[in-house]
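This document starts with one chain, in the form predicted on its own, laid out as structure tokens.
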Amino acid sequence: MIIEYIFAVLVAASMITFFTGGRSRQFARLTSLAIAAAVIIYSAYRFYPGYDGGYISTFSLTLSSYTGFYFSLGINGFTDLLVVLGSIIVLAALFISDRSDDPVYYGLILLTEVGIFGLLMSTDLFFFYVFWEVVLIPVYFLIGLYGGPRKDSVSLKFLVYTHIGSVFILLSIFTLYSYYYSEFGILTMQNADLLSTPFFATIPYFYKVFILTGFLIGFLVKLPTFPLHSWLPDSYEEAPYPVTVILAGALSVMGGFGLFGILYPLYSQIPSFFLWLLIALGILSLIYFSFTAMFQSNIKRMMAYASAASMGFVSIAFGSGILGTGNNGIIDLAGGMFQIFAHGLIVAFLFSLLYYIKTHTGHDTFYGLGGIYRESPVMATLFLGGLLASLGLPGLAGFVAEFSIIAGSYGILGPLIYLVIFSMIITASYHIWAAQKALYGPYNENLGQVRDLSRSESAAMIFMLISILVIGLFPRIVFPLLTGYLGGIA
């Protein structure tokens, strides 16, 4: 069972990085690259020959049989994809990091990866919560130590806001824990016990709603969903670009995994009004964030809202997929999980390129740029590719996810589907306007001579764009893992 060894190596590497001095950047990069390669190779070997649901690799260590605490890990088709995605996101953040003399910086990034891997792999709700909180601590210090002029207030706002959401998750977990003990006389935190439909059906209706509400608040904060998003724009803007890559890619993964990895096993027990609330919030997020992004003058802030708008599809897919039946429901749910994966790749790619634009030109606002294709054709072309992927151009990963969700949810949403399509038109509009304003048109001579991407920078960015293209053209690489996961739970 290789999964525990991969996790142990990551934990050890994150601790060692703090003491590697000037070699921290190279050590962190090589470690993250090795872990990403190991996860991808293991996935190809164990999953793709024919995955039909359930856990492939598991590990369990008894900490206290009296209290029911077990350190247990497991990986299935869905979590496998997210672990691969988390590896790629952290690797992208490390690649664009330039603090070669600061081991604390790289140690904090790897510690964030430990938290992400831990919550995705945990099959015990107590440790799921522990790793959920572990992610917040290094991100808080990364913003507070290395962020922009308002880093102190913004990092505190991020920590308080997201931690309050986490407290609701903890309340839900301990409510499940106590009810399971009162029902069976057994103390356990295992997902298989607490998230089982037969047990959850025995809980009184009021406490069912209490538990589901607590989980939803915590998960929707991370997605983020309107109106639980106010930490997002400031955190994205003030964080250094590598940390923004992690915020946009990895933290939204946490919220999406919460819905599909924690709540979905209880799908038959979720009241329909909860599902319609999720759909409504998803549609509202799509429209609100799309209009808000349109009026931003800072590209980084615009992409922050665009990222949040994309995750609105995840809420819609979760609600309408459970309400739906047959193949439409499966397509809808699989499309929502595909959206989490595609969104993570696309925003990591876009924010990495925006870092290079900022570094090479000194600007990341529309009014400070203009026509940079003339001086930096490779950088401008790649950024255009990222914008087209973000708006859902056919042939790229974002289109597959959004089309699957719209096709699967049409029977449930009815006329409401036009609101989703309207928001997609707005999204396409501001993405194209951003490309025209920043990349093309008359060149801003005040920029002087702008350096294009180096060979290594171009190679890394082209690899990410090719990955987005390949997944968009051949979604069958990903979908069998998602439908297998859904079938295993059903």
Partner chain sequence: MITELEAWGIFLSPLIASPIALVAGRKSRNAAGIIASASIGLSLVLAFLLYLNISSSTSVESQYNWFYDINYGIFVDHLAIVMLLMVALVSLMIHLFALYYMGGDPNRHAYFAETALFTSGMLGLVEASNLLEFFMFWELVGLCSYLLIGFWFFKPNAASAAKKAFIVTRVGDLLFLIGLAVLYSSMSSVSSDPLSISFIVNNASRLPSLIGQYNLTLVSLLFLGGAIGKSSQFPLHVWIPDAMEGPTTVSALIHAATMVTAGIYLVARVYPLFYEAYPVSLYIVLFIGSFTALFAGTIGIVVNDIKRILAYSTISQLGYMLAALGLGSMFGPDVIAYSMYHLVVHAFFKALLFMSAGAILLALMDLRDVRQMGGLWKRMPYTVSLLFIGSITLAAVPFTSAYFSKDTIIGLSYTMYQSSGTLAMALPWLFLQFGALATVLYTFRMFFMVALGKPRSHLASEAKDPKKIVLIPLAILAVLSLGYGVFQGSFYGYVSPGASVPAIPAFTEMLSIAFLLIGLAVTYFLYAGDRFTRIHPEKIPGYRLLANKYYLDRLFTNAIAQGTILPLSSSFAGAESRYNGAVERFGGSFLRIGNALRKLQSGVVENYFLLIIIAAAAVFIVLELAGGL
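If you're wondering where the values come from, they're calculated on a predicted model, not measured in any experiment. Residue numbers count along the first chain shown, from 1.
A second form of this protein, the form predicted together with the partner chain, is not displayed here; the remarks below concern that form.
Engineer: Any idea which of 245-253, 212-220, 231-239, 267-275 reaches within 4.5 Å of the partner chain in the model of the complex, heavy atoms considered?
Structural biologist: In the other structure, the partner sits against 231-239.
Engineer: Taking 4.5 Å between heavy atoms as the contact cutoff, choose which of Gly362, Pro227, Gly148, Pro204 touches the partner chain in the model of the complex.
Structural biologist: So the residue touching the partner chain in the model of the complex, by this definition, is Pro227.
Engineer: Find the only residue in Ala460, Ala34, Ile426, Ile56 having a heavy atom within 4.5 Å of the partner chain in the model of the complex.
Structural biologist: Checking each option against the partner chain in the model of the complex, the one that comes within 4.5 Å is Ile426.
Engineer: Is there a heavy atom of Ala435 no more than 4.5 Å from a heavy atom of the partner chain in the model of the complex?
Structural biologist: Contact check for Ala435: yes, within 4.5 Å of the partner chain in the model of the complex.
Engineer: Against the partner chain in the model of the complex, would Lys157 count as a contact residue? Criterion: heavy atoms within 4.5 Å.
Structural biologist: Contact with the partner chain, yes.
Engineer: Ile406: heavy atom within 4.5 Å of the partner chain in the model of the complex?
Structural biologist: Result yes; Ile406 sits at the interface with the partner chain in the model of the complex.
Engineer: Can you tell me if Gly392 lies within 4.5 angstroms of the partner chain in the model of the complex, counting non-hydrogen atoms only?
Structural biologist: Heavy-atom contact with the partner chain at 4.5 Å: present for Gly392.
Engineer: Please tell me whether the candidate spot formed by Phe291, Leu388 and Tyr440 is one where all three residues come within 4.5 Å of the partner chain in the model of the complex (heavy atoms).
Structural biologist: The answer is yes: all three residues contact the partner (heavy atom, 4.5 Å cut-off).
Engineer: Of 406-427, which residues get within 4.5 Å of the partner chain in the model of the complex if you count heavy atoms?
Structural biologist: Those in contact are Ile406, Ala407, Tyr410, Gly411, Ile417, Tyr418, Ile421, Phe422, Met424, Ile425, Ile426.
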